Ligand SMILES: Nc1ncnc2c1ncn2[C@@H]1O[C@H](COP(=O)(O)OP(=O)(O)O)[C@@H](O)[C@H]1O
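In C-alpha cells, the next block holds one chain alone, the form predicted alone.
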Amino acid sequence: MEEKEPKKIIGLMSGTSCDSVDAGLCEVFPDFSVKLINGINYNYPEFVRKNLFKAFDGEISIKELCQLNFAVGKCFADAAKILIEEFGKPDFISSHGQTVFHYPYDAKIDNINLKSTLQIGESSVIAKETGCMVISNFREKDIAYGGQGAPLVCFADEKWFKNALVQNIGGISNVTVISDGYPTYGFDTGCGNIMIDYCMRKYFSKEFDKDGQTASEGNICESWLDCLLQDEYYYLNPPKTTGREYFSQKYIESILKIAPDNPKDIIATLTALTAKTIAQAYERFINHRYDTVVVGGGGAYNKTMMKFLKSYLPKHVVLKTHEDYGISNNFKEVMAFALLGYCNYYNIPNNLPSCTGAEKRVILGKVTPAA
C-alpha cells in the first residue's frame, strides 16, 4: 500500500435541510485527524433550491431531475472555486452531493432488491469546472453490500471522539455511540430540523428558528407531543435511517391538522419532539452507561433545543458541542467526507457495518479524474 501522506481536500456537502452547499478546505492526516483550514456556506440559486424541494416532494419530471443533477454539480463547483481562488487547488475534491431520495428498505420485486439512494451534483461537472479529481457517491456501495448507506459520518466520529454519544442534529438527527469495550454503532434517531424549518417558513416566512428564539416564546403542547412520539419509526431497532421521504411535506401537513392553534406553540413542540426522540432513542437502544453527549449540526446553535435536550437526559450527563473538541459544528460533516475521500484515495475501507448494516467493510466512493 502506498505510504500515506497528508492531503489537502475540499469537502462538499449539502444536507437534508438544503440550506446551502457547505464547502471546506481540509487537511487530512495519516492518523485520520482533520484540520479545517476554511469553510464557506454557498447559497443555492433560488430556482435550484425550488426544484430541489420539488424533487424532495416527488413533484419533478425526469427531465427536470436530469437538469438538476448538472445544475447542482455547477453549484458545488462554484462553491469549491471560491476556496480554490483563495488557497489554490487541493489534492482532490470529496463531494457527498445532494440527496434527493433515500430508500433504505429491503423491498423486492421479481427477487430484485429495490433498496437504493440517489445523490445528485454531477461529479464530471465539478471536475471540469475546477480541474480537480473528484471522489463522490459514497452511499451506493454500502447499499450494494446490504447496508442502508447511512449513517456514514460514524466512521469519522470513531476516529475523533472517545467514550461519548456524538449527536448530529441537521435536517435529520443521527447518533454515533462510541464506548470502550463496545463496537461503535450509530443510527438516525429521527427528525431533526426538517419539520421546524418547514413550519418556520409556513407561519413566520423565515428559513429556520434562529437560536431557538421562536420556540422559546411558545409552550409545549404535551398532548400533541405525546401523539407525535407514537410514530413507528422511533420504535424500530437499529440499524435504521430516515429522511425527507418519510418526514415529507405530506407527513408534516397531516400532523398539523391536530396541532395547537398558536404557531409559536407548534415550533416549541416540534423542537421538544426532536430533543425528546433523541433522549428516548438513547433509553431504548443504548444498553450501557454514558456520561457525555456531543452535539453538532444546526441544532447545536438552537438554545431552546439544547435546553430541552438537557432536561430530557439523565442528570449526570454532560452536554457539549463539537466546538468543545475543536471541531466546527457547521462544517463537521464536510470534514467527515474529506476523511472518507482520503480513505478512498488510499484504498482504506471507510464504512462501519455496525452502523449501516452492511455485510462487510468496503471502500466507499467513485473517482472522477480531473481530465
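A quick note: this is a predicted structure, and the numbers were derived from the prediction, not measured. One rule holds for the numbers: they count along the sequence shown, beginning at 1.
The discussion below concerns the form predicted in complex with the named molecule, not included here.
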**OP:** Work out which of the listed stretches, 158 to 166, 190 to 198, 79 to 87, 125 to 133, brings a heavy atom within 4.5 angstroms of the named molecule in the predicted complex.
**Re:** 190 to 198
Original post:
Among 238, 104, 298, 97, which has at least one heavy atom within 4.5 Å of the named molecule in the predicted complex?
Top reply: 298
**OP:** Have a look at 108, 250, 289, 210 for me and say which one sits with a heavy atom within 4.5 Å of the named molecule in the predicted complex.
**Re:** 210
**OP:** Using a 4.5 Å heavy atom cut-off, state whether residue 358 contacts the named molecule in the predicted complex.
**Re:** no
Original post:
If you check in the predicted complex, is residue 170 within 4.5 Å of the named molecule, heavy atoms only?
Top reply: yes
**OP:** Would you check, heavy atoms only and a 4.5 Å threshold, whether residue 350 touches the named molecule in the predicted complex?
**Re:** no
Subject >> Contacts with the named molecule in the predicted complex - residues in 332 to 357 whose heavy atoms fall within 4.5 Å >> reply: 333
